[in-house]
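Below you will find one chain, with nothing else, as C-alpha cells; this is the form predicted alone, and questions on how it binds or moves follow later.
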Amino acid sequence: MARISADDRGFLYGDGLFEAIRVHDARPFLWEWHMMRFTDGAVSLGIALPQTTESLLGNVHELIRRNSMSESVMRIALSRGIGERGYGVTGEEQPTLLITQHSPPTTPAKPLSLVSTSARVAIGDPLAKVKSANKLGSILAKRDAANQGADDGFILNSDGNVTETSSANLFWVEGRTLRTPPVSDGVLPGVTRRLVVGLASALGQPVREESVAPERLQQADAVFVTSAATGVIAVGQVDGAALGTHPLVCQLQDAYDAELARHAAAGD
C-alpha cells in the first residue's frame, strides 16, 4: 500500500503537480506532449523529477500490465516531498512521485450543460499554466455547477471572460471560425486542446484564439470541450440557453477517434 508522509508538502500545501493521461489499447496516448507539460511545470515550480521520463514510461507500462487495464486514465503526481514547516523551501526536499491507474469516465449520454460559477483565475497568473496539485478553483466550479443542476462550470478570469471548465478546455464555433480562449487569459494549455487545434487545421478549419464572455457563448453556433480523459464532448446548454449543433463538432470527434486508432495501430 502506498503511503504519503503527513509532512509531505503536496499534502500540506498542494506543493506539486500532476498529469492525467488517457490509456488506449494499453498505450498512453500523447505521452510525449504530456511529459513536455509535466517537465515544464516541474521546472516552473522548482521540483526535481526523481527519474527520467523514459523510466516513468516503463513504470506506466508495468502498471498497465499488472492491472490488466487496457483502457484507463493514468495519473502521475509529483510533490516537493517532505520539507520544513512553512512556505519556504530549502532545496533539500526529496520529491514524492505517485503513479495511479483509474477506470475511464463514462462518455456522457447527451451534450453537456455548463454554467458560470464564482471560481476565478487572474489573467497572467503563471500558475495557470501548471497542472498544479492545488485544484480548489476546479472544485469550487464543479460544486457551483452541481448546485445549479449543471454538468460542469466555467472558471472565469479577472476580466470576467471564460477560461475553461473545472476539468476541460473550451472551444466554440462562430462565423465559420473555430475559436478557443488564449492561454494568456488564464488557461491551462491542454494536451487535447493542442491536438484538436492540429486536427482542425488538417480539416482546413481556421482556429482563432480569442477572449469570450459567457453571454457570447450563448449565441455561438456550437460549443464543445476537450480533455485527456473524455476527448471531444459537445455542449448543449450554456447558462440555461440551448445551443445548436454543428457538423464540425462531429468531424473533430471522428478525427480524434481516428487519431486514437492510429496511435493503437502504430504502437506509439
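This is a predicted model, so every value here is computed, not measured. Each residue number is its position in the shown sequence, starting from 1.
This protein has a second form, the form predicted in complex with another copy of the chain, left out of what is shown; the following refers to that one.
- Just one listed stretch, out of 171 to 179, 191 to 199, 130 to 138, 108 to 116, contacts another copy of the chain in the model of the complex at the 4.5 Å heavy atom level, and that stretch is 130 to 138.
- In the model of the complex, another copy of the chain lies within 4.5 Å of some heavy atom of residue 12.
- Another copy of the chain is not shown here, and in the model of the complex it never comes within 4.5 Å of any heavy atom of residue 217.
- Although the partner is absent here, residue 166 is a contact residue: one of its heavy atoms lies within 4.5 angstroms of another copy of the chain in the model of the complex.
- Under a 4.5 angstroms non-hydrogen atom cutoff, another copy of the chain in the model of the complex has residue 4 among its neighbouring residues.
- Only one of 50, 206, 58, 46 lies close to another copy of the chain in the model of the complex, with a heavy atom inside 4.5 Å, and it is 46.
- Along 191 to 229, not one residue places a heavy atom within 4.5 Å of another copy of the chain in the model of the complex.
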